[in-house]
Every structure is written in structure tokens, then in C-alpha cells.
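Listed next as C-alpha cells is one chain, alone, in the form predicted on its own.
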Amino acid sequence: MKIDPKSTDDLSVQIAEAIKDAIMSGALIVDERLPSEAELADHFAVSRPTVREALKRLAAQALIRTQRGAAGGAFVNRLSFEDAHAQQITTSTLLLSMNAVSFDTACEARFALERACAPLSALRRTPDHLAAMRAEILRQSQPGLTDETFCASDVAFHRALVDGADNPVLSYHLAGAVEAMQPLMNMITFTARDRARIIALHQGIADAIEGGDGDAANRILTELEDETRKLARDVFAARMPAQAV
């Protein structure tokens, strides 16, 4: 593990990257204990506080865990897709909030990924996945439901559809699309949405998934995408005169 003392990058960042590279390459394996702070400080020729900061960065990425006691120290973590979901959602949310991704780009990505899941979900979904989708449709139909609760239910419905595909890689990539991009879409379009129309589309998707018809589910997802894009165009068009004043 090496760093470049002449680099302008923060030393703690370089050390974290060096350890991360060792984990990714297999030089450091799961559950292996890292050298102590003192040993790492000697190895990299830096202070212990600098090493400590590097370890904090790795812990924040769930790449290592720390234990106290005589047998304690820092250990390579066994990272799972589920553990990585939160980071994926946070990163996607930041990109969207900083306007690094346009609405159309986010919409295109989300529905393209979701259409990849639908045929798999039609084949692999469990009764629990289907029950979760039906429960959210029922919730969305309740009178007096707030916009916030309806939007949260919308996200939960699509999360169940995605998880029904039983593919952790797709679920991981869609964590950002569904749980970061979709709330943004809802926030932009909720005032213009026809709830009855959304519920009817959700019902159609659930029926198709229950019937094992992935193609039908994808056709309805495309309808939902078209509906979402149209609502966004209408909302943006309505804002333009107000912004011009």
C-alpha cells in the first residue's frame, strides 16, 4: 500500500484509497484485521491522527468496522448489497439536488432499469412482493391521503416491483433510481397528477406481475413514464411565465 507524498491530495484521502484498493484487489480479505494505527502511521510515514481520519472515511463507506477490547482493531467488513443501498441513495440524491442530472435523464434511467426488472419480477416475485404491491395500491386509494403519504406509497410500490426480480445487482442500482429519483419526480409532478390514473396504472402492473406477463407490465410502465414526462412538461411550462415576471 503506497501513497504519493508529493500529491496535492489530502493524505488521509490517499491512505483511505490505498487501503480500499487493497481490499478491492483481495490483498486484504474479509474479516482480516488491519495493521494498528501506529503500524499504519509508520507504514505511510504520517501521523496517527491522519491514519485515524483515513479509517473514519473507510468506516463511513462500510468498508471496515472497528471493535474495542484486547482483540479489537479495524477489520475488513463483509459488505452486502443491502448495506450499500443507503450510500447509493445518498449519492443519487446529492447528484439530483445539485442539478447534475436533468428530470428527463433521471426519468429515462429509472424506467429503463425498472423495465429490466419487470419481466424478472413476473417470473420470480413471491407472494410477499405481490402482497406489498397490493397493499400500497389499497393505501393509495384511501380518501384524504396526504400528498406526502401518497408519494411514499408510490415509492414503496415500485420498490416491491424491483425487489420481486430477486436480483441484488439490479436492486442495488435501482435503489438510487427508485428511492432518490422517484421522490424527485413526485415532488415536481404531484400537484398535477391524477391519482386515479396512477392507481389504475399500478393496478395494471400488479395484475400483469401476478399473471406472469412481463411484457404487459413493461407496456404499462412505458405508459407511466409517458404520463410522468407529460406532467413534468406541463409543470415546467406553467412555471416559465411566473419566472419571467
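Throughout, we count residues from 1 along the sequence that is shown. Keep in mind it's a predicted model, so treat the numbers as computed, not measured. Heads up, when I say rigid core I mean the largest set of C-alphas that superpose within 1.5 Å between the two forms.
In what follows, reference is made to the form predicted in complex with the DNA, a form of this protein that is not presented.
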Does any heavy atom of residue 46 come within 4.5 Å of a heavy atom of the DNA in the predicted bound form? yes
Hey, in the predicted bound form, does residue 50 get a heavy atom within 4.5 angstroms of the DNA? yes
Contact between residue 12 and the DNA in the predicted bound form at 4.5 Å, heavy atoms? yes
I'd like to know whether residue 169 contacts the DNA in the predicted bound form, with contact meaning heavy atoms within 4.5 angstroms. no
Would you mind picking out the stretch of 211 to 219, 53 to 61, 196 to 204, 22 to 30 that comes within 4.5 angstroms of the DNA in the predicted bound form, counting non-hydrogen atoms? 53 to 61
So which residues in 49 to 72, when you check the DNA in the predicted bound form, have a heavy atom no farther than 4.5 Å from it? 49, 50, 52, 53, 56, 66, 67, 68, 69, 70, 71, 72
Exceeds or equals 2 Å, Cα of residue 223 between the shown form and the other one, core fit: no
